[in-house]
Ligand SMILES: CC(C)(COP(=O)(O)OP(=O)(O)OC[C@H]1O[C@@H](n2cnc3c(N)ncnc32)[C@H](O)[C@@H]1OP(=O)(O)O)[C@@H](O)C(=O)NCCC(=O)NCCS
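Listed next as structure tokens is one chain, alone, in the form predicted alone.
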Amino acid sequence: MIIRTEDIRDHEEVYTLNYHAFENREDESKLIERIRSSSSFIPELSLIAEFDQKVVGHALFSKAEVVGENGSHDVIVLAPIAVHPDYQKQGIGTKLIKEGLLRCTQLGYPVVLLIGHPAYYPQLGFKPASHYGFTLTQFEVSDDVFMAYELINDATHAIRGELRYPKAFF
């Protein structure tokens, strides 16, 4: 299996993958399309897991902002991430996330935020976003599912406030 940057030729497979991974719903597939056509899209942060020349996983990290007392700061949000049902529970999602975190660090972003499963993401180093002083009002979610991963040590001391997902998420 390889992890690589998504290519335009992958778009149809990514759409289908997300459709199946999210129980035959198109919401996440359409979200990816909206993000790709927005200013929040960072091509090198749309990652593919490929096995035998087949797309079996996809993770999309894109730009958002945190607005607080210290102004507005660019951050990264992880959404969506999908692994084909036939390939789940094999570490593919973890590999996609770790590669995404590495790339976000290399690009100089300070933090990655997400809404996700509270039993899974803490294993990868994510903590409740409130721990770092982040809030979320655009979606109503419990504190344990809104999480953050600090890419640059102590960066969150200067970056605190409300996460604002871009328009593509709505």
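All residue numbers refer to positions in the sequence shown, first residue = 1. What you see is a predicted model; the values in this text were computed from it and never measured.
Although it is not shown, the form predicted together with the ligand is what the next lines describe.
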Wondering, does Y121 line up within 4.5 Å of the ligand in the predicted complex on heavy atoms? yes
Using a 4.5 Å heavy atom cut-off, state whether G100 contacts the ligand in the predicted complex. no
Can you check whether F22 is within 4.5 Å of the ligand in the predicted complex, heavy atom basis? yes
So in the predicted complex, is the ligand close enough to V67 to count as touching (4.5 Å, heavy atoms)? no
Within 4.5 Å of the ligand in the predicted complex, counting any non-hydrogen atom, which residues from 59 to 85 show up? I81, A82, V83
